[in-house]
Each structure stands twice: as structure tokens, then as C-alpha cells.
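Consider the single chain below, provided in C-alpha cells and representing the form predicted alone.
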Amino acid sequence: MVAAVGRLLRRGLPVTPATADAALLDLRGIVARAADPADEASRTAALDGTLRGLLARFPDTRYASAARALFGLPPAEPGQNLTIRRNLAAEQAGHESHHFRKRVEPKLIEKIAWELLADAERFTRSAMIAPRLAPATGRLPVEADPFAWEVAEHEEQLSRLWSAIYAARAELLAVERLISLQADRKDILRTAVTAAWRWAAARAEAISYTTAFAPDLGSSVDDLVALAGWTPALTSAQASRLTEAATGGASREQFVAALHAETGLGNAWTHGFLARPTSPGNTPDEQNGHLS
């Protein structure tokens, strides 16, 4: 796996069929993301997107910029050869080029390989994977038959579930982006509240879906919602209160109104984002208020 990632360095990103190793293309996380898992080009595109996301969120802030430059992402420029990218990466990391090449680069490659394996493991353990969509070739009418109705209802509820999970993910990413940009506190808090609403709606949909169609997954409701992304730690009672306020298709305004007096819950959610510490110990060489 480490060798396969290392081979990508010669040309850097984007990944092409010529540079993509089968060991990477066959990872569960890559196959699950591919629009057509049987198509190598589709899995190659999925691998490219996964690597870009991983590098964008590289867990070691000291070496994040160096890792991106090494693989041809900004601050590197398109078309730069490996020697130029290595020198730029060494500069970004604050190391002499030879030291970076011999000591730091191998550890960065190893870190990326392990992140890809961890990503695959998360997909392997996931109780559900979002359904793949394909272009419709024509209208698909539902036959007037109880079995057809049941199948259609199941697909409808499954689509609502994943729609809610992805909507929550979008808002959680928006919060993190605003925090990274050091945006105005009011903008961060407003987006954090929207994320709470979307997350609670996703949890309500997960409960509704598992109750009706997958009772054996009932204990995995929070695992399903966790696919949306990181959220501040909440007690079971707090999570239930948020979910209750979002149940039934409640609008953001209705959600906020229902939780107007929940100051402690609002603080637990919003302060959780603002106070979240940087993850420690990842160096290769050596880491709010009312709901309104």
C-alpha cells in the first residue's frame, strides 16, 4: 500500500489509469465512491477525489501544506515535476531538501497510505452505503401492486435518509470552513445552528427508516448519522431533544423556536465547535450561546 501511494508521486495528482495501482483502486472506500465500480476509469476518478479530500484535511497541520505540494496540489502548480515539488514541499515543511527527501517524505507517504486504509475500514464496517444513482433512460412508473408500492416506498425513504445525511454533512463542512477562515463569530454560530437543525433532521430520518425498514439497525442510528461528520459531544438526552425539535419536517425557524429556552444545549453544540482542540501527536518527524 505504501509503495502504491509512493508510485503516485512521479506525476502527482490528478490520478490517471496509468499511475493508479490496483491495490488502491480495489480499496473498499474507493469502490464504494465510484459511480461505476466495474469501470477502472470511474474508480480512478474516485481515488483522485478521495486523495484530494484526504490532503485537504491532512491531520498534521505542520506538514499539511508540504504533503499537498508533494502531490502537486497548491501551493504547487500544475505541471511541476517531482524535483520541483519536493523542493517546494521541503520549503513548506521548513526542512533542508535532502533531509525532507530521506526522512520526512517517506513518513508522509506512509501516513497517507494509512489514512486510505482507515477510510476503507470505515466503509467496511458501515452498516449502510449510499445508493449509487444512474441516469434514467425513461420514466419508471410504479405498478398498481402492493409489492411494487412497498419497493417504491423503501427507495423513497432510503433517498430521504441519505438526502438528510448529506445535507447535514454540507452544513458541518460549512462550519469547519468558516472556522478555518476565521469568519465573523455570528456567521459561525448561525451556520452551526443550521448544522444542528440538519443533523437533527438526519437523525430523525435515520430513526424513521430503521424503525420501518431495518429494525435490526435500530442500535446503529447514531452510527448512520455519524457518517455526516464530526459533531460536538452530546448526551443521549440532548441528542434526543434536538431530534424531537426537528421531527416532522420542521423548518429551521420552527427548530430554533422549539429550542429557544435550551441555553445549555445551545452552548454544548456551538461551543463544541469553537473550542475544539487541534488533534495532537501526528507529526511525521517527531497534532457559544443560544440556538438562533
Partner chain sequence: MTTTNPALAAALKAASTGDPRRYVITGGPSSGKDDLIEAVHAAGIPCMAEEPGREIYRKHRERLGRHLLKEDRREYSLEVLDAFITEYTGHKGGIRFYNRGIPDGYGWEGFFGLRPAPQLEEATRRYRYDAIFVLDPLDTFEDPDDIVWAKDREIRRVHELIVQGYYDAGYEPVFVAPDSAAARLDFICANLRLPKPGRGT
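Residue numbers count along the first chain shown, from 1. Owing to the predicted nature of the structure, the values given are computational and were not obtained by experimental measurement.
The protein also exists as the form predicted together with its partner chain; that form is not presented, and the subsequent description refers to it.
Visitor: Among 165-173, 147-155, 179-187, 86-94, which stretch sits within 4.5 Å of its partner chain in the predicted bound form, heavy atoms only?
Guide: In short, 147-155.
Visitor: Can you tell me if residue 222 lies within 4.5 angstroms of its partner chain in the predicted bound form, counting non-hydrogen atoms only?
Guide: Because no heavy atom of residue 222 falls inside 4.5 Å of its partner chain in the predicted bound form, the answer is no.
Visitor: Any of the heavy atoms of residue 237 lying within 4.5 Å of its partner chain in the predicted bound form?
Guide: Residue 237: no, not in contact with its partner chain in the predicted bound form.
Visitor: With the cut-off set at 4.5 Å between non-hydrogen atoms, does residue 143 touch its partner chain in the predicted bound form?
Guide: Within the cut-off, so yes.
Visitor: Spell out, yes or no, whether the shortest heavy atom distance between residue 57 and its partner chain in the predicted bound form is within 4.5 Å.
Guide: So residue 57 counts as contacting its partner chain.
Visitor: Mind listing which residues of 10-49 have a heavy atom within 4.5 Å of its partner chain in the predicted bound form?
Guide: Contacts from 10-49: 32, 33, 35, 36, 45, 46, 49.
Visitor: Would you mind telling me if residue 32 and residue 151 are closer or farther apart in the predicted bound form than in the shown form, C-alpha to C-alpha, with a 3 Å or larger change?
Guide: Distance between the C-alphas of residue 32 and residue 151: shorter in the predicted bound form, by 3 Å or more.
Visitor: Say whether the C-alpha atoms of residue 173 and residue 43 sit closer together or farther apart in the predicted bound form than in the form shown here, given that their separation changes by 3 Å or more.
Guide: Relative to this form, farther apart in the predicted bound form.
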